[in-house]
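A lone chain, given as structure tokens: the form predicted on its own.
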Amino acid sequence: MSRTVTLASAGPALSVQDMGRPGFLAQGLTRGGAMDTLALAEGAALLGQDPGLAAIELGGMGGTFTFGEDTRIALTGAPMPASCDGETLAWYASHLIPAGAKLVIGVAQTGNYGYLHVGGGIDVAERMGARATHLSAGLGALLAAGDELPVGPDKGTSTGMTLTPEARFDGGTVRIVASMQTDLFDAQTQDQFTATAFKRDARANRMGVRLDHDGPAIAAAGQLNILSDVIVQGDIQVTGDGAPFVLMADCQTTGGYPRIATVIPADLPRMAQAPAGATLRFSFVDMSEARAIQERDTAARAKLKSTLRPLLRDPSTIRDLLSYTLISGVVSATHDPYQ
């Protein structure tokens, strides 16, 4: 018996992720970490543990998992069908998976990134202060069938809780702030950008998301003469063919395409989870409003635990229903309790 999770099968884009590595931008390394950090916070709340613990990010689809010991799990992010030894499991809930039982997670029904959290977190060795896989930096690798990952000590015991996630899996409006290069785009082009209904292109990964749109290409003045400088997650670059790219967790640290704006951190989960073909619009907010939004987002994450409620299960789907004590405290009116 050991605290491990073993992958009997794995989708093409599974990786260990946490909140990433801040502080290495000057050395050419972006923060990386989970594409949907809100999902990490939600999983931590469901298990009553630190949101900094690592989980398995399920890019587009899951896999088949077994555990060396009875293990608490939580499922968050893009909803995916899940079952344990054939019994359906609710998404956005915590569960106890018996040792040796087979946990099967399927394809995302909407959104892009689901998360499998375990009580105690995935306990692979830290590198540069984090456990997050950062493929473009050569830190870690995608998970594959046969991998066995260590699970950390679990201080919690409760399961059977659920919460209602923030809606973010079908695109929508993303809030942005002006960047250092926004003024390279004239007022008419900025208005065109915010008036356009973009479609999330299928060409997207952990480094960036391409956006398609109808109408004239978007272009900046002197676009071909811009020198490369620092870029960060959330920056929206406009390439030579007029298509915007939103830079994501594993983006590069410098670039020479002009940036029309930057997505505020609170809306990056919505950006990450927008599925291919989803409609996305952009709305400018000023810096003071962006700070206020970010403060509200931070406060909401801190209060996630207070939003938990018991998971109500449908008795018709409980395979071992008769093993539960459904009625207790029943006494006989004719029975003498002293005999």
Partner chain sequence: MSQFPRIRSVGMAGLLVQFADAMSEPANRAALAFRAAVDSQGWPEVRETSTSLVSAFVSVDLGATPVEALTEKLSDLLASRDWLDAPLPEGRTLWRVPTLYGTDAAPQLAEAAEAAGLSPEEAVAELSQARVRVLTIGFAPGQPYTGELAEHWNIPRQQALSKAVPQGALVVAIRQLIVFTNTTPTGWRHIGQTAFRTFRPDSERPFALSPGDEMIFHNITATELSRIQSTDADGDGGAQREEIA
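Predicted, not measured: the structure shown is a model, and the values here were computed from it. Residue numbers count along the first chain shown, from 1.
Below: the form predicted in complex with the partner chain, not depicted.
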Going by heavy atom distances of 4.5 angstroms or less, which of 29, 280, 44, 304 would be at the interface with the partner chain in the model of the complex?
29
If we test each of 99, 96, 177, 221 for a heavy atom within 4.5 Å of the partner chain in the model of the complex, the one that passes is 177
Taking any heavy atom pair closer than or equal to 4.5 Å as contact, tell me whether residue 198 reaches the partner chain in the model of the complex.
no
Though only this chain appears here, would residue 290 touch the partner chain in the model of the complex if you measure heavy atom gaps against 4.5 Å?
yes
The partner chain contact at residue 13 in the model of the complex, heavy atom, 4.5 Å:
no
4.5 Å heavy atom contact, residue 256 to the partner chain in the model of the complex
yes
Name the stretch: of 258-266, 80-88, 107-115, 151-159, exactly one has residues whose heavy atoms fall within 4.5 Å of the partner chain in the model of the complex.
258-266
Do all of 9, 53 and 143 end up near the partner chain in the model of the complex, with near meaning a heavy atom within 4.5 Å?
no
Neighbours of the partner chain in the model of the complex among 77-103 [non-hydrogen atom within 4.5 angstroms]:
none
